[in-house]
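What follows is one chain in structure tokens, specifically the form predicted alone.
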Amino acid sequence: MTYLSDFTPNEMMTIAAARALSNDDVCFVGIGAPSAACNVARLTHAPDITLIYESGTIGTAPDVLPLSIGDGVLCETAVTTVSVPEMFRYWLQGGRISIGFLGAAQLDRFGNINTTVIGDYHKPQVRLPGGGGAPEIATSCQEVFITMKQTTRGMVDKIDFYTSFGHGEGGNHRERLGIATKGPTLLITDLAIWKPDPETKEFTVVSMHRGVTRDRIQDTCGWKVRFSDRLEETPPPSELELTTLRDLQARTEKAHGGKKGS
């Protein structure tokens, strides 16, 4: 396999996230980076992966990235389209989805997500889009993958609002609340790959992307970072992975008149 050295941090993040998916996964896909990662996986090593979007499209295989969950391209290529109540009650809450892929505006060390407000809820500095289906995805999918760019504003010691529940206060908090699913099991950023500690559930860096240092990871994170004793280096993108991602983004930009869906 040929690996390339000319790639951006965002491309590395997307490709690392795509690699985490398997051919047998049934994946509930978020818009943006999660959508790009899932479709790169479908176009490379996981052609039979089942992609499901919140609008009710099941087994969709878009040629370009959707601008929203209601983008017509999803329905056009789906095996079937069901109603939103059926999507949530039968598919999601019925435990039929293996992976939920989410992004975050704010994230804490235990994988709790805020996409509601920055600042005080009643007088916020920024009003965000909200949770949509993410709170249900976070508790009903068998496990959750998260992608986001590392910044001290995004990866914080304490989130301003609990939109989607991760591991709460850590440890067995999910179990104490009666949540049977695994919750966040993987965090992929533009700098590293993180996994929760088996006991504390605190995200720990298990792999750093090529050229990234520990200091850079700490400088872009709002909590004291823990590094695995078996820290690895993330393999760079292969020629196939990078070409697939860039072609997908180019088609998307052309189709949407410059408004990228990634």
Partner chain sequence: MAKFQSLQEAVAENLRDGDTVAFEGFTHLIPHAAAHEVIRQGRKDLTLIRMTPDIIYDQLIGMGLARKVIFSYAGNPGVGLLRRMRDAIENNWPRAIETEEHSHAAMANAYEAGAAGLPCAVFRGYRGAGLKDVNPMIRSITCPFTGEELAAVPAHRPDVTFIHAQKANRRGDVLVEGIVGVQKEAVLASKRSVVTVEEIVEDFDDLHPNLCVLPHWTVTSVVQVPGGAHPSYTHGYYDRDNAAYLEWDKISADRDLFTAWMRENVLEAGPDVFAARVKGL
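Positions refer to the first chain, counted from 1. All of these numbers come straight from a predicted model, not from anything done at the bench.
Below, we refer to the form predicted in complex with its partner chain, which is not included among the displayed structures.
- Taking the partner from the other structure, its partner chain in the predicted bound form has no heavy atom within 4.5 Å of any heavy atom of residue 35.
- Contact between residue 71 and its partner chain in the predicted bound form is found at the 4.5 Å heavy atom cutoff.
- Although the partner is absent from this view, residue 158 stays clear of its partner chain in the predicted bound form, with no non-hydrogen atom inside 4.5 angstroms.
- Its partner chain in the predicted bound form is not approached by residue 149, whose heavy atoms all lie more than 4.5 angstroms from it.
- The putative spot formed by 110, 142 and 250 is not touched by its partner chain in the predicted bound form; no residue has a non-hydrogen atom within 4.5 angstroms of it.
- Interface residue among 132, 170, 103, 154 relative to its partner chain in the predicted bound form, by the heavy atom within 4.5 Å criterion: 132.
- Proximity to its partner chain in the predicted bound form, taken as a non-hydrogen atom within 4.5 angstroms, holds for one residue of 206, 64, 43, 26, which is 26.
- Along 172-193, a non-hydrogen atom within 4.5 Å of its partner chain in the predicted bound form is carried by 177, 178, 179, in order along the sequence.
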